[in-house]
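Presented as structure tokens, the chain that follows is alone, the form predicted alone.
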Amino acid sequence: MAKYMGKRFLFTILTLILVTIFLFLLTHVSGADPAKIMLGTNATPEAVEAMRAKLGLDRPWYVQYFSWISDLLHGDLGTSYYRDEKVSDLLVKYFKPTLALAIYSELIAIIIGVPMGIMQAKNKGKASSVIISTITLIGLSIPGFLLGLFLMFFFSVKIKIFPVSGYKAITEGFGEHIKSLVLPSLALGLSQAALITRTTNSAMLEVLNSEYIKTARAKGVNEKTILWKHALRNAMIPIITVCGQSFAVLFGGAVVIETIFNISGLGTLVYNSISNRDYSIIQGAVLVIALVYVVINLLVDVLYGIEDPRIRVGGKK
């Protein structure tokens, strides 16, 4: 297990290094000059050059890169050109709503998706299976932003159970915090629930049609035991995979839902920073999102090793 985890951890570090190189180069080949952005269009060439020297932009790109990495390792992500605030402080502030939204959306997706997938596989060929398949197809077809508008119209405008927009931190009261995130979490989570349902159904059907399941049934093993103890456990690898991927997708793709429900999250921060060409924030935010992706993948690999000993013994998937 230690060898398996060591390899996964080294792969994670390598991935992060490649992300920093790609992100740094992508920002620098964009053609935008942070010095000009900070000083405005009326700045003289002399003033721009002086600001470039102050920011270290007159140095070779590889020197700038290693200087940036050194600052990162010390927790310094730079300063926003547009807001004149530390990027790290802004990321902490805007990270919390997005993290809460992603967690609640993922919980909804798993709580709905896994049981529905198991039920669909169990009742293959029956009316309930067809109904679940139809619901899943509808869930995959409706865009999250459109579902969010429908939910907002019905639950906020018509029957007025939940607030139309805005985000309440958990420090303002757990009830208000949950109420502010129910609709956006449903808008994000239901489409992922449909995906998890389909994956769970496919994985369970494959296991239920295997020879050892047929042998267990022939020996008279209880159907519930077969379904929950034997089949589900052996179908967990693809289910874990899709759950990990869905969380990463939810975290990285929340910008539209955050905009609709007026949630000041990481997606909104990135969107506004792109509009203002505030590349320090863009670099920091993309790096945080990339970090979430690789950490989720690392956790999924750990769960692989826990769930299936053959993976950690063999050292490969």
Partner chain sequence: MKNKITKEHSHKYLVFKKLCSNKLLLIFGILTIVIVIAGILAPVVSPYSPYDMQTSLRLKAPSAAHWFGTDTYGRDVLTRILYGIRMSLVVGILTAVISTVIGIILGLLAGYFNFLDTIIMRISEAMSTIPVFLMAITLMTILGISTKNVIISMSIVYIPLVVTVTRGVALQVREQTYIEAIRSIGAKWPRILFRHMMPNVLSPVIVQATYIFASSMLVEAALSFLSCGIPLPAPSLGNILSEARTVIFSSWWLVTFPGICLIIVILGINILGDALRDLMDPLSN
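Residue numbers count along the first chain shown, from 1. All values derive from a computational prediction rather than experimental measurement.
Omitted from view is the form predicted in complex with the partner chain, to which the following refers.
In the predicted bound form, the partner chain sits beyond 4.5 Å of every heavy atom of A47. Remark: F174 does not count among the residues lining the partner chain in the predicted bound form, judged by a heavy atom distance of 4.5 Å or less. None of the heavy atoms of L299 is located within 4.5 Å of the partner chain in the predicted bound form. Interface residue remark: F22 is counted as part of the site for the partner chain in the predicted bound form, having a heavy atom within 4.5 Å. In terms of contact with the partner chain in the predicted bound form, the residue from I69, I274, V63, A53 that brings a heavy atom within 4.5 Å is I274. Only one of I103, V92, I138, I111 comes within 4.5 Å of the partner chain in the predicted bound form through a heavy atom, and that residue is I138.
Taking the partner chain as positioned in the predicted bound form, the residues of 245-281 that bring a heavy atom within 4.5 Å of it are, in sequence order, A248, V249, G252, V255, V256, T259, I260, V270, Y271, I274, R277, Y279.
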